[in-house]
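There is one chain below, alone, in structure tokens, taken in the form predicted alone.
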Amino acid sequence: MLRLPRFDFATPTTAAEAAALLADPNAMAVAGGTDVYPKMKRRQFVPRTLVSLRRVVDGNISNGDGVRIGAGATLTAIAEHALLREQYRALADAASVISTPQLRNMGTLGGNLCLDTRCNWYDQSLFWRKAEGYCMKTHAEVVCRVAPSSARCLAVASADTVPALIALGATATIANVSGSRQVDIVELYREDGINYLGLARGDIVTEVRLPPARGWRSAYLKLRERGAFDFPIAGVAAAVRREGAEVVAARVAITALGSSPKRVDAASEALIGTRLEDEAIERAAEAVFAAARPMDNTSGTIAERKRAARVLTARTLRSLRE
């Protein structure tokens, strides 16, 4: 049986207090814990102190000039929220296909935004990794086991809500001891399996804001190994705004096809000025196919995941013209 290591548990009540605690390199934030605790059992994470964000970030979803979602909102709450399902469908659908109902009841939006990258060489028990020889993500002196000549870790980004939020033009509020700032969701991520988040130590994601959905329609589709639950091995989100039948704005984003989620601007540009005809959708799908950079580090072959990127893009965009 895998057991948790020993750790201290802190329960701050303000973002500033939590940020001060998280300035310690031996501290780690936890909200729902659906990813953190299993990785602690596998000794991928061994923090001396866990800093609970349960009393720091709220889970409220409110509608004003757009929508505000507290980082503590559960994935179930997002998946079942009537306004999100009606006007921000990509996000609701993405939340609804994460893991299992029990884990969606605990997992939070903030946790999914900060989800650790994954790799077949990394997501194993300590016993397995000791026997096989570790990898660059946990031992800097070891080469990448996926591509030994790579100068960086190639672990893959696997969060479902992120491409949906990118397609919807969302921003995140980041708090620390100095105050707070707003950043575009896409700017949170780096193409690096180890340093995958563009956050400084002590930064906390406190909320997400969605712009008004006037005229926008969106969708999200993913390929996964098991249909009932699993991480994506390819995921595509798309949002389009039309005036009449013509597309006047569009965003397409992908996940699980590289070390960071990506906004595929070439795909968006292929759609603007069109009526989502088959030819336009095919051009956008080809742009996504070109942007996808899967490696042999998770389920599915490289060729399968590349092809899935094209197919999922086409299916997602066709669903938006109905």
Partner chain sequence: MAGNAVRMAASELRRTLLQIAAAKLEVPADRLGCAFRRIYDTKDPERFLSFVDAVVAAESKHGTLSARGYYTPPKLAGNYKGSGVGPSPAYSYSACVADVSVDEETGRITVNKIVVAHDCGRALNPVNTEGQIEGSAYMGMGEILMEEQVFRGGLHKKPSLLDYKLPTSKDTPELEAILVETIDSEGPYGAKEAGEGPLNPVIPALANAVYDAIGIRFDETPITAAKVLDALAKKKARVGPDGLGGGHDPSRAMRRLRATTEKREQKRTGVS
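Positions refer to the first chain, counted from 1. All values reported here derive from a predicted model rather than from experimental measurement.
The discussion below concerns the form predicted in complex with its partner chain, not included here.
In short, of 292-300, 23-31, 261-269, 64-72 it is 292-300 that has heavy atoms within 4.5 Å of its partner chain in the predicted bound form. The candidate spot formed by Arg217, Glu243 and Glu286 lies out of contact with its partner chain in the predicted bound form, as no residue has a heavy atom within 4.5 Å of it.
Only one of Arg226, Arg181, His139, Arg201 lies close to its partner chain in the predicted bound form, with a heavy atom inside 4.5 Å, and it is Arg226. When you look in the predicted bound form, the only residue of Ala82, Ala131, Val248, Ala151 with a non-hydrogen atom within 4.5 Å of its partner chain is Ala131. For Tyr196, no non-hydrogen atom is located within 4.5 Å of its partner chain in the predicted bound form, even though that partner is not displayed. Taking the partner from the other structure, its partner chain in the predicted bound form has a heavy atom within 4.5 Å of a heavy atom of Asp230. Although the partner is absent here, Arg118 lies within 4.5 Å of its partner chain in the predicted bound form, judged by heavy atoms. Gln124 belongs to the set of residues with a heavy atom inside 4.5 Å of its partner chain in the predicted bound form. Shown here without its partner chain, the chain has Asp296, Ser299, Thr301, Glu304, Arg307, Val311, Arg315, Arg318 in 287-320 lying with a heavy atom within 4.5 Å of that partner in the predicted bound form.
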